Ligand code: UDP
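One chain comes next, on its own, written as structure tokens: the form predicted on its own.
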Amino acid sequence: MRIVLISTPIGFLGSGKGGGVELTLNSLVSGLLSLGHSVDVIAPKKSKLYEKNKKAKLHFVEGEEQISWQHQNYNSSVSIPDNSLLAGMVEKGLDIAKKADVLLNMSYDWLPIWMTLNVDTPIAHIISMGSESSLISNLISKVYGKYPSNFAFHSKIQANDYPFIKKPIIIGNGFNLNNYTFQDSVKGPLAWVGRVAPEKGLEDAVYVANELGEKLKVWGVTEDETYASEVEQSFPEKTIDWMGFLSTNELQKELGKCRVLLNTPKWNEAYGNVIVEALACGVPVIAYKRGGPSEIIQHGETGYLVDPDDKKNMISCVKIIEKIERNKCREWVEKNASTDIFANKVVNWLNKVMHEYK
């Protein structure tokens, strides 16, 4: 197959602004290439794919970035800026897809989904969020009525945000395990990884670290400087060890040294890439039982799930984290979330999508 991918219009690949979509896209490209498929990627200027994905053809588009729907009101209207990056990416994607089998959209936005109803090109959509926009959810419902196979989700819990989809296609996610080194660091520090923004709940993880008299290592793009400052000032000096945004290769080296990853989102994560990255390094995870992470973590085997916002229980779980066998964490990823497993699920789904257009 020749598959054309549209990346996120939130930031260029490698910037970290696109969050989990950046990692998902690179993992998928790697898996598709290993299965013998041809891949074109439409992405913002300055984007870079992983070195192992150099066989994929990267097409650059310039323009003004979109505002993430995570940072808009659920009832906000659709906003498409002048010189829209997203519009340019959709236009280029559709043009290249004339000589391809399918166009695969990875951006959570209105325009590419709307185009599904207005062109003959098969367009498939990996939905990367729960329902963050009434307009987009209503549009997905409308497209679903005509093309019921055109949407795939990372987890069952995420798909539940779209109750009109009766038989959701669940594809999980995939990771190139060669990029993650298993480490048996049972005495390491506490870790937190993610975009530093209110919906990620960093303050809860810092609370846990402070109550235990420890530092918390924090990796990720500081998306909201004001929020980051407020969290830092709410706790004793140097409770947070700001580590910044690192490439996957550098992150896994440092993350693997930690004894546990704390995951504290205030919203329903669609999947939980950082959780699987930690597990791949042998790092157990303690997470709120909210969203995709509750489907990934095997309670008592690869980490612990606690009730949402229950910081006291999270502290209790940190105290017994050595009961988790770190090799079990790695084994789960090998059996459930490799790039090949993920790519095969996606290919099977794309075949269903293309069949609807015949």
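One-based numbering along the sequence shown. On a predicted model such as this, the values are computed, not experimentally measured, just so you know.
Keep in mind that the form predicted in complex with the ligand is not shown, yet the notes after this line are about it.
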For G11, is any heavy atom within 4.5 Å of the ligand in the model of the complex, or not?
no
Does L246 reach the ligand in the model of the complex if we count a contact as any heavy atom within 4.5 Å?
yes
Within 4.5 Å, heavy atoms only: does K266 come near the ligand in the model of the complex?
no
Decide whether G256 counts as a contact residue for the ligand in the model of the complex under a heavy atom distance cut-off of 4.5 Å.
no
Looking at I126, I157, V193, C281 here, can you tell me which has any non-hydrogen atom within 4.5 angstroms of the ligand in the model of the complex?
V193
Using heavy atoms only and a 4.5 Å cut-off, determine which of W110, Y207, W219, Y288 is in contact with the ligand in the model of the complex.
W219
Partner absent here, but in the model of the complex, which of 145-153, 76-84, 266-274, 91-99 has residues with a heavy atom within 4.5 Å of the ligand?
266-274
Residues within stretch 23-49 having a non-hydrogen atom within 4.5 Å of the ligand in the model of the complex:
L23
